[in-house]
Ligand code: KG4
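The chain below stands alone and is given as C-alpha coordinates, in the form predicted alone.
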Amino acid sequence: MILSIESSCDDSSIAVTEIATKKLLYHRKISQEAEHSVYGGVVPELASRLHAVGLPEVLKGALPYIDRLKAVAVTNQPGLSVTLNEGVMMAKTIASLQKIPLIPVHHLKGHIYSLFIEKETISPLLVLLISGGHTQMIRVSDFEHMEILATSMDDSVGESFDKVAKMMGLGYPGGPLIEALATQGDEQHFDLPVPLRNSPLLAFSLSGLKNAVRLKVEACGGAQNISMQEKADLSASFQKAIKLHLLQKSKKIFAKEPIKDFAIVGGASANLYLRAAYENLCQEFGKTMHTAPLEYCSDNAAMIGRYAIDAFAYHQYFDPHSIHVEHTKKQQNGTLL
(Lines give C-alpha, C1' and ligand atoms only; values in the text may rest on other atoms or scores of the structure.)
Protein backbone atom coordinates (compact mmCIF):
# COMPACT_ATOMS: atom_id res chain seq x y z
CA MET A 1 0.00 0.00 0.00
CA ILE A 2 0.97 3.63 -0.47
CA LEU A 3 -0.04 6.40 1.90
CA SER A 4 -0.43 9.77 0.13
CA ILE A 5 -0.63 13.31 1.49
CA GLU A 6 -1.94 16.48 -0.17
CA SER A 7 -1.52 19.95 1.39
CA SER A 8 -0.66 22.23 -1.53
CA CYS A 9 -3.28 24.84 -0.65
CA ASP A 10 -6.32 24.74 1.64
CA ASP A 11 -7.31 21.05 1.76
CA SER A 12 -5.80 18.62 4.27
CA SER A 13 -6.09 15.19 2.67
CA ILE A 14 -4.66 11.71 3.20
CA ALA A 15 -5.33 8.47 1.32
CA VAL A 16 -4.20 4.85 1.32
CA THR A 17 -4.14 2.99 -2.00
CA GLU A 18 -3.43 -0.68 -2.64
CA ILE A 19 -0.65 -1.04 -5.21
CA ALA A 20 -1.68 -4.31 -6.89
CA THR A 21 -5.39 -3.52 -7.35
CA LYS A 22 -5.27 0.32 -7.37
CA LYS A 23 -8.12 0.15 -4.88
CA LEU A 24 -8.63 3.21 -2.69
CA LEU A 25 -8.73 1.81 0.85
CA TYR A 26 -8.96 5.07 2.77
CA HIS A 27 -9.52 8.68 1.78
CA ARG A 28 -10.43 11.68 3.86
CA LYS A 29 -10.21 15.41 3.30
CA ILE A 30 -10.76 18.39 5.59
CA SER A 31 -11.63 21.58 3.71
CA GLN A 32 -10.67 25.01 5.02
CA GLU A 33 -13.19 26.90 2.87
CA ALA A 34 -15.21 28.19 5.84
CA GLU A 35 -12.13 29.67 7.54
CA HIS A 36 -10.86 31.39 4.38
CA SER A 37 -14.23 32.56 3.03
CA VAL A 38 -14.33 35.52 5.43
CA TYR A 39 -11.18 36.85 3.73
CA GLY A 40 -12.39 36.22 0.18
CA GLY A 41 -9.50 33.86 -0.58
CA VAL A 42 -6.82 31.65 0.90
CA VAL A 43 -4.57 33.19 3.56
CA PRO A 44 -1.30 31.16 3.42
CA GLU A 45 -0.29 31.49 7.07
CA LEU A 46 -3.78 30.56 8.27
CA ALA A 47 -3.84 27.60 5.87
CA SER A 48 -0.52 26.37 7.25
CA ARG A 49 -1.76 26.50 10.85
CA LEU A 50 -4.96 24.68 9.91
CA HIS A 51 -2.95 21.94 8.16
CA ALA A 52 -0.92 21.48 11.34
CA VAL A 53 -4.19 20.59 13.07
CA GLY A 54 -6.03 18.92 10.18
CA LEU A 55 -3.39 16.54 8.84
CA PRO A 56 -2.81 14.68 12.15
CA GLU A 57 -6.59 14.37 12.52
CA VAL A 58 -6.97 12.90 9.03
CA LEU A 59 -3.99 10.58 9.58
CA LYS A 60 -5.84 8.77 12.38
CA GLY A 61 -7.99 6.87 9.89
CA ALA A 62 -4.92 5.62 8.01
CA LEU A 63 -3.13 4.21 11.07
CA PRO A 64 -4.52 0.65 10.67
CA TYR A 65 -2.60 0.41 7.37
CA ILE A 66 0.65 1.95 8.55
CA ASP A 67 2.62 -1.30 8.94
CA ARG A 68 1.73 -2.50 5.43
CA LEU A 69 3.00 0.54 3.55
CA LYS A 70 5.58 0.21 0.78
CA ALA A 71 6.03 3.97 0.37
CA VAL A 72 4.69 7.40 1.30
CA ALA A 73 3.76 9.90 -1.43
CA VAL A 74 3.40 13.64 -0.94
CA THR A 75 2.78 16.74 -3.05
CA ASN A 76 5.99 18.80 -3.00
CA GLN A 77 5.26 21.26 -5.85
CA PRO A 78 3.68 23.56 -6.97
CA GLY A 79 1.64 25.24 -4.26
CA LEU A 80 1.99 27.45 -1.21
CA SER A 81 5.38 26.69 0.32
CA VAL A 82 4.11 27.08 3.90
CA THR A 83 1.34 24.54 3.35
CA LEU A 84 3.41 22.15 1.24
CA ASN A 85 5.91 22.03 4.10
CA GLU A 86 3.26 20.70 6.48
CA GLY A 87 2.60 17.70 4.22
CA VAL A 88 6.24 17.08 3.34
CA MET A 89 7.35 17.09 6.99
CA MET A 90 4.62 14.62 7.91
CA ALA A 91 5.53 12.39 4.94
CA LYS A 92 9.23 12.43 5.81
CA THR A 93 8.46 11.56 9.43
CA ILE A 94 6.24 8.59 8.54
CA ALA A 95 8.65 7.30 5.88
CA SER A 96 11.62 7.59 8.25
CA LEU A 97 9.85 5.83 11.12
CA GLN A 98 8.61 3.02 8.87
CA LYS A 99 11.94 2.84 7.00
CA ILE A 100 10.24 3.11 3.60
CA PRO A 101 10.93 5.40 0.61
CA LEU A 102 9.24 8.68 -0.25
CA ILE A 103 7.60 9.57 -3.58
CA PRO A 104 7.50 13.31 -4.39
CA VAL A 105 4.51 14.22 -6.56
CA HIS A 106 4.04 17.21 -8.85
CA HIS A 107 0.56 18.53 -8.07
CA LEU A 108 -0.43 18.92 -11.74
CA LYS A 109 0.52 15.33 -12.48
CA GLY A 110 -1.69 14.40 -9.54
CA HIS A 111 -4.63 16.14 -11.19
CA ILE A 112 -4.01 14.19 -14.38
CA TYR A 113 -4.06 10.97 -12.38
CA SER A 114 -7.40 11.89 -10.81
CA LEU A 115 -8.75 10.35 -14.02
CA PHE A 116 -7.34 6.96 -13.08
CA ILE A 117 -8.37 6.53 -9.44
CA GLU A 118 -9.19 2.82 -9.14
CA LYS A 119 -8.70 2.51 -12.92
CA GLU A 120 -5.99 1.68 -15.40
CA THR A 121 -3.85 4.48 -16.86
CA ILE A 122 -4.73 5.79 -20.33
CA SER A 123 -2.05 7.14 -22.67
CA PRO A 124 -1.44 8.94 -24.93
CA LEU A 125 -3.84 11.60 -23.77
CA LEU A 126 -4.53 15.30 -24.32
CA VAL A 127 -5.39 17.04 -21.05
CA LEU A 128 -6.89 20.45 -20.32
CA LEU A 129 -6.02 21.31 -16.73
CA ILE A 130 -8.11 24.14 -15.28
CA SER A 131 -7.58 24.78 -11.58
CA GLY A 132 -7.18 27.58 -9.08
CA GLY A 133 -3.58 28.12 -10.07
CA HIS A 134 -3.18 26.78 -13.59
CA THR A 135 -4.72 26.70 -17.05
CA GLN A 136 -2.78 24.39 -19.36
CA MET A 137 -3.18 22.04 -22.29
CA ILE A 138 -0.83 19.08 -21.81
CA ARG A 139 0.17 16.25 -24.11
CA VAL A 140 0.63 13.12 -22.00
CA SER A 141 2.60 10.66 -24.11
CA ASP A 142 3.26 8.31 -21.19
CA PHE A 143 4.24 8.41 -17.52
CA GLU A 144 7.65 9.94 -18.22
CA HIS A 145 6.71 12.34 -21.02
CA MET A 146 4.22 15.15 -20.40
CA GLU A 147 4.58 18.33 -22.45
CA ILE A 148 2.80 21.66 -21.98
CA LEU A 149 1.28 22.76 -25.31
CA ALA A 150 -0.36 25.94 -24.03
CA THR A 151 -0.41 27.70 -20.68
CA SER A 152 -1.85 30.81 -19.07
CA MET A 153 -0.10 34.15 -19.50
CA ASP A 154 -1.69 35.49 -16.32
CA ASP A 155 -4.74 34.44 -14.29
CA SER A 156 -5.97 30.86 -14.30
CA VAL A 157 -9.60 29.84 -14.82
CA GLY A 158 -10.17 28.96 -11.17
CA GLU A 159 -8.47 32.12 -9.95
CA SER A 160 -10.61 34.24 -12.28
CA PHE A 161 -13.82 32.66 -11.00
CA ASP A 162 -12.75 33.45 -7.43
CA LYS A 163 -11.81 37.05 -8.20
CA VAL A 164 -14.97 37.78 -10.18
CA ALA A 165 -17.09 36.29 -7.39
CA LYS A 166 -15.30 38.56 -4.92
CA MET A 167 -15.98 41.59 -7.15
CA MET A 168 -19.69 40.84 -6.95
CA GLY A 169 -19.60 40.10 -3.22
CA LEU A 170 -20.58 36.46 -3.67
CA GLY A 171 -18.05 34.80 -1.39
CA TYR A 172 -15.40 32.07 -1.68
CA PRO A 173 -14.79 29.74 -3.46
CA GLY A 174 -16.17 31.52 -6.49
CA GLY A 175 -16.46 28.73 -9.05
CA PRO A 176 -19.53 26.90 -7.68
CA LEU A 177 -21.23 30.20 -6.77
CA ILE A 178 -20.87 31.66 -10.26
CA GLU A 179 -21.88 28.40 -11.94
CA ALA A 180 -25.06 28.23 -9.85
CA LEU A 181 -25.94 31.89 -10.44
CA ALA A 182 -25.28 31.56 -14.17
CA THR A 183 -28.14 29.08 -14.52
CA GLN A 184 -30.51 31.92 -13.59
CA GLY A 185 -28.90 34.49 -15.87
CA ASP A 186 -28.86 35.56 -19.51
CA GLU A 187 -25.41 34.94 -21.01
CA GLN A 188 -26.17 37.41 -23.81
CA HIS A 189 -26.99 40.30 -21.46
CA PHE A 190 -23.45 41.63 -20.98
CA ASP A 191 -21.09 42.00 -23.91
CA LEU A 192 -17.76 40.75 -22.59
CA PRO A 193 -14.57 40.34 -24.65
CA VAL A 194 -13.27 36.89 -25.56
CA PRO A 195 -9.55 36.95 -24.65
CA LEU A 196 -6.97 36.60 -27.46
CA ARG A 197 -9.79 36.16 -30.00
CA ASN A 198 -7.73 37.59 -32.85
CA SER A 199 -4.35 36.39 -31.62
CA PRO A 200 -2.51 33.44 -33.19
CA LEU A 201 -0.92 32.66 -29.82
CA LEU A 202 -1.57 29.22 -28.36
CA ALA A 203 -2.00 30.56 -24.85
CA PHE A 204 -4.64 31.43 -22.28
CA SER A 205 -5.22 34.85 -20.74
CA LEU A 206 -8.04 35.99 -18.47
CA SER A 207 -6.77 39.23 -16.90
CA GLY A 208 -8.45 41.39 -19.56
CA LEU A 209 -11.77 39.59 -19.18
CA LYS A 210 -11.55 39.91 -15.41
CA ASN A 211 -11.02 43.67 -15.76
CA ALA A 212 -13.98 43.93 -18.14
CA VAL A 213 -16.17 42.29 -15.49
CA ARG A 214 -14.89 44.76 -12.90
CA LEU A 215 -15.99 47.66 -15.10
CA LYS A 216 -19.46 46.12 -15.53
CA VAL A 217 -19.81 45.68 -11.77
CA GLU A 218 -18.85 49.32 -11.23
CA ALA A 219 -21.34 50.41 -13.90
CA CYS A 220 -24.04 48.52 -11.99
CA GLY A 221 -23.25 50.41 -8.79
CA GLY A 222 -20.55 48.20 -7.31
CA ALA A 223 -20.81 45.06 -5.20
CA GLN A 224 -23.13 46.79 -2.72
CA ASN A 225 -25.72 47.91 -5.27
CA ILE A 226 -25.63 45.43 -8.16
CA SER A 227 -28.92 43.51 -8.27
CA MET A 228 -29.16 39.73 -7.98
CA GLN A 229 -30.43 39.49 -11.56
CA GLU A 230 -27.47 41.55 -12.78
CA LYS A 231 -25.16 39.24 -10.82
CA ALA A 232 -26.78 36.24 -12.49
CA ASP A 233 -26.55 37.78 -15.96
CA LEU A 234 -22.94 38.82 -15.40
CA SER A 235 -22.04 35.35 -14.10
CA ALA A 236 -23.58 33.74 -17.18
CA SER A 237 -21.88 36.20 -19.55
CA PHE A 238 -18.51 35.74 -17.82
CA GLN A 239 -18.79 31.95 -17.93
CA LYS A 240 -19.70 32.11 -21.63
CA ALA A 241 -16.63 34.27 -22.43
CA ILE A 242 -14.36 31.78 -20.62
CA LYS A 243 -15.93 28.91 -22.54
CA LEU A 244 -15.43 30.60 -25.90
CA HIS A 245 -11.82 31.45 -25.03
CA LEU A 246 -10.95 27.91 -23.97
CA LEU A 247 -12.70 26.35 -26.96
CA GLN A 248 -11.06 28.69 -29.46
CA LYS A 249 -7.55 27.76 -28.33
CA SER A 250 -8.44 24.10 -27.87
CA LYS A 251 -9.77 23.84 -31.42
CA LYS A 252 -6.38 24.89 -32.78
CA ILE A 253 -4.65 22.21 -30.73
CA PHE A 254 -7.25 19.55 -31.57
CA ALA A 255 -6.75 20.23 -35.27
CA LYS A 256 -3.02 19.45 -35.00
CA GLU A 257 -3.02 16.64 -32.43
CA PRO A 258 -3.93 13.13 -33.63
CA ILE A 259 -4.39 11.81 -30.07
CA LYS A 260 -7.96 10.54 -29.77
CA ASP A 261 -8.36 10.58 -25.98
CA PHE A 262 -8.98 13.94 -24.29
CA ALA A 263 -9.54 14.79 -20.64
CA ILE A 264 -10.43 17.83 -18.58
CA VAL A 265 -9.14 17.91 -14.99
CA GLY A 266 -8.64 20.30 -12.07
CA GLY A 267 -11.04 22.05 -9.71
CA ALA A 268 -12.73 24.10 -12.43
CA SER A 269 -13.35 20.93 -14.46
CA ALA A 270 -16.26 20.27 -12.09
CA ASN A 271 -18.11 23.06 -13.94
CA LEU A 272 -20.83 21.18 -15.85
CA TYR A 273 -21.31 24.05 -18.33
CA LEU A 274 -17.69 23.75 -19.45
CA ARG A 275 -17.85 19.95 -19.47
CA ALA A 276 -20.84 20.04 -21.82
CA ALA A 277 -19.03 22.44 -24.17
CA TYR A 278 -16.05 20.08 -24.38
CA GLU A 279 -18.28 17.06 -24.92
CA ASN A 280 -19.55 18.82 -28.05
CA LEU A 281 -16.02 19.76 -29.13
CA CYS A 282 -14.82 16.17 -28.77
CA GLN A 283 -17.72 14.96 -30.90
CA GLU A 284 -16.79 17.52 -33.56
CA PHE A 285 -13.17 16.29 -33.68
CA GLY A 286 -13.85 12.59 -33.14
CA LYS A 287 -12.18 12.42 -29.73
CA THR A 288 -13.21 10.49 -26.64
CA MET A 289 -13.64 12.66 -23.56
CA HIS A 290 -12.65 11.56 -20.05
CA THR A 291 -13.41 13.31 -16.75
CA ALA A 292 -12.68 12.58 -13.13
CA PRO A 293 -15.57 12.01 -10.72
CA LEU A 294 -16.70 15.34 -9.29
CA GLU A 295 -15.40 14.49 -5.80
CA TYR A 296 -11.87 14.11 -7.19
CA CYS A 297 -11.74 17.30 -9.30
CA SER A 298 -10.54 19.50 -6.44
CA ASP A 299 -7.29 18.86 -4.55
CA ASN A 300 -7.22 15.45 -2.90
CA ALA A 301 -4.80 12.77 -1.72
CA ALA A 302 -6.46 9.99 -3.75
CA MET A 303 -5.06 11.42 -7.00
CA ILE A 304 -1.61 11.77 -5.39
CA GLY A 305 -1.75 8.12 -4.36
CA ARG A 306 -2.86 6.99 -7.80
CA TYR A 307 0.08 8.78 -9.44
CA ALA A 308 2.36 7.25 -6.84
CA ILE A 309 1.38 3.71 -7.90
CA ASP A 310 2.79 4.31 -11.39
CA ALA A 311 5.80 6.15 -9.93
CA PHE A 312 6.49 3.14 -7.71
CA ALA A 313 6.37 0.84 -10.74
CA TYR A 314 8.92 3.10 -12.47
CA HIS A 315 11.12 3.05 -9.34
CA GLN A 316 10.61 6.80 -8.86
CA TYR A 317 11.03 6.72 -5.09
CA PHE A 318 13.74 8.17 -2.89
CA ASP A 319 15.27 8.40 0.54
CA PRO A 320 12.90 10.57 2.62
CA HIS A 321 15.68 12.90 3.74
CA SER A 322 16.41 13.89 0.12
CA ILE A 323 12.92 15.28 -0.57
CA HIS A 324 12.05 18.94 -0.06
CA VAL A 325 9.45 21.46 -1.16
CA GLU A 326 10.31 22.60 -4.67
CA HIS A 327 9.72 26.19 -5.78
CA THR A 328 8.33 25.79 -9.30
CA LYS A 329 9.11 28.51 -11.81
CA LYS A 330 6.47 29.77 -14.26
CA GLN A 331 6.00 27.08 -16.89
CA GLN A 332 6.12 27.96 -20.59
CA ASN A 333 4.90 26.08 -23.64
CA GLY A 334 7.15 23.13 -24.36
CA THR A 335 8.01 22.59 -20.70
CA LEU A 336 8.07 18.98 -19.59
CA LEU A 337 6.19 18.35 -16.36
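Keep in mind that this is a model prediction, so the values were computed, not measured. Residue positions are given as counts along the sequence shown, with the first one as 1.
Only in words, not in the display: the form predicted in complex with this ligand, which the text now covers.
- The contact with this ligand in the predicted bound form, taken as any heavy atom within 4.5 Å, belongs to 176 out of 124, 193, 176, 222.
- The single contact residue among 292, 47, 268, 302, judged by any heavy atom lying within 4.5 Å of this ligand in the predicted bound form, is 268.
- This chain is displayed without this ligand, yet in the predicted bound form the stretch 105 to 113 from 105 to 113, 225 to 233, 185 to 193, 146 to 154 comes within 4.5 Å of it by heavy atoms.
- Among heavy atoms of residue 87, none comes within 4.5 Å of this ligand in the predicted bound form.
- Although the partner is absent from this view, residue 76 stays clear of this ligand in the predicted bound form, with no non-hydrogen atom inside 4.5 angstroms.
- In the predicted bound form, this ligand lies farther than 4.5 Å from every heavy atom of residue 101.
- In the predicted bound form, none of the heavy atoms of residue 282 sits within 4.5 Å of a heavy atom of this ligand.
- Contacts with this ligand in the predicted bound form, taken as any heavy atom within 4.5 Å, map to no residue of 200 to 238.
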